[in-house]
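Before any questions on how it binds or moves, here is one chain, the form predicted alone, in structure tokens.
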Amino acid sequence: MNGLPGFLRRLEGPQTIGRGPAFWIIFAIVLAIACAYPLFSDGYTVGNTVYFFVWVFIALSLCLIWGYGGSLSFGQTAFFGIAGYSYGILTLNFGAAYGFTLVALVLAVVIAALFALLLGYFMFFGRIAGVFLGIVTLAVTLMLERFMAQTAGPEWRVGVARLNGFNGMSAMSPLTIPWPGGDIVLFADIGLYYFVLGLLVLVYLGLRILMNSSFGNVIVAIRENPERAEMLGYDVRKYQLITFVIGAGLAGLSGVLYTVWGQYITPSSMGMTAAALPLIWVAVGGRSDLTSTVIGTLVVLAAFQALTIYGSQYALVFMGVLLVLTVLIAPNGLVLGAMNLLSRLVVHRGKGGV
């Protein structure tokens, strides 16, 4: 890493697990397998994998806000829903011509981030912290879910886009990329798979760089001791607000990609269950590390979907039990604990061979 530009050297650092040639070789192998995966799988399975990838963005947003920033937020699904509905409204009104769906994706994420900026300003500059921040964000999420659920009447429309209450919005345009030989439409199969995979890799690497920068170090210092950070001259509220807005943008990106994947969005995406599940994924993986969050989210999602075959109630009970066991056995995360144990074993074996 010493020969790389300064910002790339921040791919490794004290705030992220994984460094040295061995880690990046494993990363490259996993990425190569992910790229080759659609070549050996059917369209349905590839589309289902896109569904898993979509939820990783909201998990990373919570890892940033809660794991690194120390602010427990139940509001990620609110930003998820705001961005999803915004994308639907924009594309239903303006269509997909001239690559407008890509513009709508960016605008929807910006709308979610602006809402978070407004909400976060009043929370952080109003000195709301700890459990009260969780209560406020949960209240906002449930309020939005209740509001959207009662918009079934024909009067609830934005242009030609009807909100449709509990039934939600549907039939919005898939992502369409302008191309000289004809537009490329990204349905929930191979095309969308590679698009979401590319975004996921960029976001993961970008967050590693961010958290190993001076900004990331300050965020972690605020999590550990906000009073000390303030005494050292840092504006704690500003850093918390910036982190909150970035996290909201990631949650909004997750919401847009979910809407693109299924071509629908419903109020239930902002309900209590939807708000709680990302907390479980991140807690099980390890909220204070990006890599463990990604792994934990994908593993728990796969297990959850497998259990829904036998009934969604069993899957939800399993998630609750898993969260309790994680808190009791490995409060820092099961995946993170396993990664730390593996790292210590490798170091110990290396010393033993010297």
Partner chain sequence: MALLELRGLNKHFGGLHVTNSVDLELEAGEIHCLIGPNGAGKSTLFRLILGEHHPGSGNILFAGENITALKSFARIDRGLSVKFQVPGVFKGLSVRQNLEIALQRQHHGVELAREIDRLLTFLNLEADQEQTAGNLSHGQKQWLEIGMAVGLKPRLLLLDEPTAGMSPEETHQTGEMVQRLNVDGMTVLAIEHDMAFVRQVAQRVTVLHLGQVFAQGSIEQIVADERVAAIYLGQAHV
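Residue numbers count along the first chain shown, from 1. What you see is a predicted model; the values in this text were computed from it and never measured.
The discussion below concerns the form predicted together with the partner chain, not included here.
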Interface check vs the partner chain in the predicted complex: of 131, 232, 171, 202, the one with a heavy atom inside 4.5 Å is 232
Is residue 237 a contact residue for the partner chain in the predicted complex, using a 4.5 Å heavy atom cut-off? yes
Can you tell me whether residue 146 touches the partner chain? I mean in the predicted complex, with a 4.5 angstroms heavy atom cut-off. no
Given that the partner is absent here, does residue 217 sit within 4.5 Å of the partner chain in the predicted complex, heavy atoms only? yes
Is there any non-hydrogen atom of residue 227 lying within 4.5 Å of the partner chain in the predicted complex? yes
Candidate stretches 107-115, 246-254, 219-227, 188-196, one within 4.5 Å of the partner chain in the predicted complex by heavy atom: 219-227
